[in-house]
Structure formats: C-alpha cells, structure tokens
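Take a look at this single chain in structure tokens; it is the form predicted alone.
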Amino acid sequence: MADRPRIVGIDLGTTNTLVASVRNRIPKIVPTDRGNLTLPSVVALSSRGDLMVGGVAKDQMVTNPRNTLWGTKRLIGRKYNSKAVEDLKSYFPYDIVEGPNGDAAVMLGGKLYTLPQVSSFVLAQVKTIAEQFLGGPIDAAVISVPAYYNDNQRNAVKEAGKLAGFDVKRIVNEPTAAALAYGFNRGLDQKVLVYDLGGGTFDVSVLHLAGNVFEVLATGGDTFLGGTDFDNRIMEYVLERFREENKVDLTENPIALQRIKNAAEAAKIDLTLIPNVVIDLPFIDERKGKPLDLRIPLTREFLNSLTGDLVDRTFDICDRVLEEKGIARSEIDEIILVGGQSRMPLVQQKIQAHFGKPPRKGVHPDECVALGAALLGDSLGSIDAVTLLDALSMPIGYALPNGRVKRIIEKNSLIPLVKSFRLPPPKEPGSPFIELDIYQGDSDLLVDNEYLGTVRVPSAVAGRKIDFRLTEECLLQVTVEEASGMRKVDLATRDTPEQLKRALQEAAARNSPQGPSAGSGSDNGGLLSRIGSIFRRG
C-alpha cells in the first residue's frame, strides 16, 4: 500500500476549490498555503503583469476587476455562439471572446486564454499546495463536475486537469461524490437525495446506497442557479436604495460595484447566523467633493423575500427529477446538503416542509464533494472498490433537418452504455459525406441544446451501424462500422453548424428585448443581464 501513487480528490468549484487526500482510509481536506481549507477559484493579472491564483487574486478584485477572472466554471466547455454564453457575456467585467474551435475564451492583459487554461491555473495551484503539504509529487487526481455538465464541459475539465500536470483518473459527478462521502463503508441501504446548491450551479441527484454500491436513480439541475444569483439580488437592491436616497447611480463606478458585490456576499453569509446586518461601506463615492457613505440595513426576512423564488426553483427541479422516475418524496430516507448556499436557513426550512424531514447533519456541505472524490480515487484498483452506477443527466441525439433533435440516449440512462443505430443517408442527395450534428440537452429543439460536434463520414457507409458509447465518466465516444470493423470517429467542432446559426438568428429575432427567454433557465427576469451591463459600463 505504501508505494501506491497518491491520488487526490478535487472539487473544482465556481467560487472555491478544495483538494482532499486519503490516509488509512480516512479522507481529509488539504489546507492551502494561507491555512484555509478552500482556495478561491480566481485567476488574475497584477498591475505588474504577474499571474496570480487564489486568495491573492481575489484580493485585487475590487481594484482591478477587468483583469480578475472569477466564475469561469459557468463558461468552461461552452461554445462562444451558444445562448448560455450570450446571456453571460454582459455579466462578467472581463472580456469573453471567441477562442479555438468556436469555444468561449477570455482576455487577460491583452492575451487570449482558453477556459481549460484558466481552470488549469487553479488546479496547478492546488497541485502545488497538496505536494507541499503531503510531501512528495502527486500526479493523479479524481476531479468532480456538476452532474448537469454536458460532454463538452466534462472534456474541458479533463483537459484542464491534464494542463495542470494531473493524470485525471476519473471525472465524477459532484452529488455522487457527496453521497460517497456520506455512505462509504457504512453498510447502508437507503435512498438519499443530494441537494447541491453551490456558487454557480444547482444539482439534485437521487441515489440508492446498498453497501458500497452507489446507484444514481435520477438526476437534474440548472447550471445557471447558484449563490452568485443570491448575491446579485442583494446587490441590485443596494444599488437601487442608494440611488433613491442619494440620487447617485453607482453603476458607473466599477470599484464601488466590486465593493458592493463583496459586501453583498458577506451580508448573505452573516444572515445565515444572525437575523440582521448592516451593509456599511464608507466613502463609496463623492458628490461635489464630499464623501458619500453607503449604509443599508438588511434582515434575514427581507433577504428571503428577495430570493425566495430562486429557492422555489430548486424545489421545482427536485420535484421534476422525482416525478421522472416515479419516486415519491416519502421514499427518500435522507437529504444531504451540499454547497455553501445550502446553509441558508430558508433552504433548510423549505426542505423540512417539502420532504417532511430535516436535512442530514454531519455531512459538511463545503467539504463532502472533495472528500468523496478522494475516497473514489483511493478505492480505484483496490479489491473492495466502490461501485458507482452513475446516470446521464441530459439526453444526447442528433439534429434532424426540421430543427429538432432525434434522441439516441435518454436522460437517466445508467452508464457506461452503448446505443447503436443505423446511419441515415446524406442530407443532400449525391453528397460525398454524411454529417450528423450531435446535441445534448433536455429540449426537442436543437437551438435550446448544446452543440457537441459533428460526425463526418463517407456516404458509402450509409445504413451501417453507428455506436454512441458513454464511458463511466459520462464522456461520449462515437464508432462507425466500416468494412474492416468498427472505427472510432472524432467529433469535429471547428465552427457552429449552419443549421444552428439559422436557428439562433430566428430565436434572437423572436426574443423580446427584455432579456433571455425563460427556456434558457439562465436568468430570472433579465437580472443577470442588468447587473452585467452595470459592470461592463465600468
């Protein structure tokens, strides 16, 4: 056992990243160089041109917002021309641009960085921290992702791990890792619901635990619902109140905005423990040479009214996930809370009311995903290994000529799996190639789904077998039958397919100027866009 290479578990979060390792079968979080258990998922360029990661990068968010990258987990693995990126472009103060293969990328100090590169800087910092603390090189990792991540996003995280110098042994779904931290070696036979409300994403998974077999029965989520959205509600309220009281619009002041953003997050955290706070920011601006202070009281009750609809959205998703699999609320034995935002008292009250039982105490909402990832890493290759039976969170299919998607693999299918079908004829008669544009998402319309890539094969193989294979990491592999046998086909992702471009243009023309369509699930009433435009004007 002693000479086994050490594998760490990493929770690469929207807000914070954690790393854990296992010793004598006990997983523990590795503290950062600052002595904290979490490393802020922030990358920045200093005024001197130095690249900074973690706490030091977060420290300069107020003074240098344009050169500070945060929240990039919401962008990684997405196409620049996708609806999701379109909705987010105005939200972040930094520049989001088109990178290689049509992916979203960012500019920092005049240089283009891919999003896997940005995440790799955070992961490389985590690698250094773990090596210093554990004393020796660490080359292997299990990295967690939201269960609701699509194939592109999973591949992008895997690439980030490789760029950081890790052999990424597994990509694991965050709720599954959390369930593992809860149930490992406890000999349980239970149905558990993992409610994961993090900084940027919401996931829910229902698992059946039987000994060390962890079977995902159903999963769902929203990659645009998290703690950041709660912060934004406070921020918008504070800006409006200040404008009313002082007749001054702080939306023209990027440094003031960043101070309010930080204060909003701090106030929200304080209100989990105490009923009242005051957001107090001296000298936030000036008028006629005189300093203006910002002082706005906030109660827990008022915060609940500001954000209640966001909490309700999480329970709508929980109900939908249970209904899809015909699971009654009463069948759930335990509810496990994951993610910092799940600490909100309103969330815990609503769980009690909704499921008729309180959430499970004793599972650390911030740490359990990294701990579970480390346990999985440690068990890989051992005799009494954990068995994970995970499920696909969003269906995968290919585009039809009418702008709809023909589903090949349905949501909640257990993985790994293979689905076979016959290759259709070319779209244009006489064309030398068959092209299948592959999409992943819950909608029947391709415009609402994520484009994964295109399978391009000679027309001669029309009518032959094609396999969609999902690995145990929920990654898609495509093979096509040829005269010599089955051949693996790489997905071409050079640009946005013409069919999708047309559909996006039509959707844009249909959409009202009030913000993204409700179908995108990305924003409530255009709030994200409004706060974003505030930042951009700075």
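Because the structure is a prediction, the values reported are computed rather than measured. In this text, the rigid core denotes the largest set of C-alpha atoms whose superposition between the two forms falls within 1.5 Å. All residue numbers refer to positions in the sequence shown, first residue = 1.
There is also a form predicted together with adenosine monophosphate (AMP); it is not shown, and the following applies to it.
- Of the candidate stretches 245 to 253, 161 to 169, 269 to 277, 80 to 88, only 269 to 277 has residues with heavy atoms within 4.5 Å of adenosine monophosphate (AMP) in the model of the complex.
- No residue in the set 9, 27 and 181 has a non-hydrogen atom no more than 4.5 Å from adenosine monophosphate (AMP) in the model of the complex.
- Adenosine monophosphate (AMP) is not drawn, but in the model of the complex it has a heavy atom within 4.5 Å of residue 228.
- In the model of the complex, adenosine monophosphate (AMP) sits within 4.5 Å of a heavy atom of residue 198.
- Interface membership of residue 191, defined by any non-hydrogen atom within 4.5 Å of adenosine monophosphate (AMP) in the model of the complex, is ruled out.
- Using a 4.5 angstroms threshold between heavy atoms, residue 343 counts as touching adenosine monophosphate (AMP) in the model of the complex.
- Between the options 265, 236, 334, 222, the residue in contact with adenosine monophosphate (AMP) in the model of the complex by a heavy atom within 4.5 angstroms is 265.
- For residue 201, the Cα coordinates differ by 2 angstroms or more between this form and the one not shown after the core has been superposed.
- After superposing the rigid core, the Cα of residue 261 is displaced by 2 Å or more between this form and the one not shown.
- In the core-superposed comparison between this form and the one not shown, residue 300 has its Cα shifted by at least 2 Å.
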